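This document starts with two versions of one protein chain, written out as structure tokens and named structure 1 and structure 2.
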Structure 1
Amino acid sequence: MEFRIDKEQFLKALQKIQGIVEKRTSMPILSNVLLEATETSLLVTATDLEVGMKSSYSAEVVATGKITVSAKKLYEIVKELPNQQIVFSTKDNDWVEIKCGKVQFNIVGLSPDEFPYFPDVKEESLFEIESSLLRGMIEKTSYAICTDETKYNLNGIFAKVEVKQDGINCLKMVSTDGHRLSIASGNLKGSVGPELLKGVILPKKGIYEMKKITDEEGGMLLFGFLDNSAVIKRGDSYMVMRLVDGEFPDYNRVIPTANNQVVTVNKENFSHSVRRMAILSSEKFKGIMLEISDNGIKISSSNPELGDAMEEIDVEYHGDPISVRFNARYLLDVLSVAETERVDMRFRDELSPSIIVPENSESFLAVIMPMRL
């Protein structure tokens, strides 16, 4: 096998799969990238058996064939090569030669026969989704994904389509780690598969790789399902991620319904204040106190080893005084993804879960458990 390819193009191809290849693995082949030269292009494939990606790139193919090499080492080599055309060829016993200008590398590869099977995706089974919609929904939910590996059914984002009364498909994405819950929603045009009507759990690693794809540029993506996997396709690249087996908890039961004490606050002012107060909160719990009364919030924190801090900000509030203690990081995570100038915080009492929503928006809702006073 032999092909010639532009350095920048090859580097971009290898960079794209670095997050997918398995770093610590009992199967060395999963640390490798599969390079396949066809008559007209170069196919680059990586997988860790949970998330996989396959992309096609234009290359001048001299001889067809395939080989696998260490994804990390190949990326490091290509990154340092001069900005010239790269000549990549295979030798006997799965050795690989890489030439670029006056530079030459010979590295050991592994037989492509050991590389895991990568499914062929039929485009007809996929539906269109706006890249910006998907990116926004991932941003609004990924911060609350559970990191406790034992709660495997919470180690991802639950995605489900609900059909509204007017027949429009509304996609909901939900994540929770037991202390907080985040729900993002957006309307989809066109039809969706039965999997989304039932609901699926997308894995954490797959979510982060999917977000990278949506970060690239605007426009539409293709999304769908194949066997027990979700598929996302953009241009000449497609990614497959194995769905998480398990039942996602009924999140509707967690959303409080009697939170009738509403505080409307400027998001920027509130964020800066919470950040300032968090400096003196204890490292472990990051607890800050909110004391809410007519048209004002007193935000404070104290730490026996460091001292205390307090700040007052103006808000819109007409109700009984209420004091609530929160983990500052949980508040900041929500505020950082709310897209409106002001947010509404809805309380019931000191110990009940609180709701935070962007003002006059139905596309995002967060629930945060308060800390015990």
Structure 2
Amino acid sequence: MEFRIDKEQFLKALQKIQGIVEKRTSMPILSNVLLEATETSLLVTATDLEVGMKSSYSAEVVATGKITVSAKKLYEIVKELPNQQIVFSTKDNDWVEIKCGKVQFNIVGLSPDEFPYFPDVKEESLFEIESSLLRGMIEKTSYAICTDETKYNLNGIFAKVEVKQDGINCLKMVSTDGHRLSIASGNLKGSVGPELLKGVILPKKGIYEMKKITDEEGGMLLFGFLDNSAVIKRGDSYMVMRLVDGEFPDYNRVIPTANNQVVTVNKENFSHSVRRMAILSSEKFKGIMLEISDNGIKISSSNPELGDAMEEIDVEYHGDPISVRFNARYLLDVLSVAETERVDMRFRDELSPSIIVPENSESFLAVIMPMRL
């Protein structure tokens, strides 16, 4: 094959896939990038078998064909080439020749046949989702993803579409680590495939790569499923991620229904107080105590080695007095992603799970287990 491409564009294409190529060397081919020259464009593919990316770029194709070369070395070479058009061609035995002005490189490639199969994306099976909605939902749930690798079915975000009574598809994303649970919801336009109605678990690494895509710019993304992978399409690039093989626990059962002691706090003030009180809590468990009564919330912490601290904030509350202990970090994580000015905290008693939701909003719900101190 042979193609000519602008240096800047080639460099951008290679830069994009650097984060994906395999750093470990279990399969040498995975540290390579697959370059495919078709009649009209150049396809650049990289995968580590968990997350993969395929993008198409315009290039002047002289002869079609495909080859794989080391992604890292090719990137380093292209980065240092003069700012001119690059002529990329293959020779016998998977050798590659790169010419740019008076510079010439010959590098060894690997046969493209060995490159892992990349799911063939069919656009009609994808549906549209707003980039900003997806980004917000990932933000609201990714903090609670379990980091214990042995609980593999919790190592990701569970995504499921529930059809509401008025026929609107509501996408729910759920994550939990056993101590806390977070649910984000958002309405989708259009129809979705059967996978989402059943529910899928998106892996942690894929989530972070997906978030990078949504960070870039607004607008619409295409989202869908293929074989055992989830697919995201933006412009001319696809990203695929392999789904987690497992069952997500029935999260509806852990959402308490009888939490009728509701207290509303100002998010900003409350999180500052919690942060202050957390200073004197133990390093490992970060335990702080909330005593809620008609007069307000008394937040306190104590540490036998350091001392104790106490702060009162005024709130409207007319229920029974209640005192409950939390890991301060869990509270702060929730407060930092809730987007309204005030949040509702719903309690039942000292040892039952508590709920935190943004005031007058259904887009987000967090459940936190209290601590025994």
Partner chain sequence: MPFADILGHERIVEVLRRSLRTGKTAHSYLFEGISGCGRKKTTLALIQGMFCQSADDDACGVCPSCRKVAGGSHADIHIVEPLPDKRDISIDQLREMQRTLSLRPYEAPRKACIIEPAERMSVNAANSLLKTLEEPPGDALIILLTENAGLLLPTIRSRCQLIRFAPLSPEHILTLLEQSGMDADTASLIAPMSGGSMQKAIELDNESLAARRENVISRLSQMNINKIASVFDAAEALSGNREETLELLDLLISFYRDALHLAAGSGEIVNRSARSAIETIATRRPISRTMELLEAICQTRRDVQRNANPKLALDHLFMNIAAET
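By convention here, residues take numbers in order along the sequence of structure 1, the first being 1. In this text the structure is predicted, and so the values were computed from the model without any measurement. What we label the rigid core is the largest C-alpha set whose atoms superpose within 1.5 Å from one form to the other.
- Between the two isolated copies of the chain, the first is the form predicted on its own.
- After superposition on the rigid core, displacement of the C-alpha of residue 336 between structures 1 and 2 stays below 2 Å.
- Relative to the superposed core, residue 356 shifts its CA atom by less than 2 Å between structures 1 and 2.
- After superposition on the rigid core, the Cα atom of residue 108 is displaced by 2 Å or more between structures 1 and 2.
- Comparison between structures 1 and 2 places the CA of residue 64 7.0 angstrom away from its other position, after core fitting.
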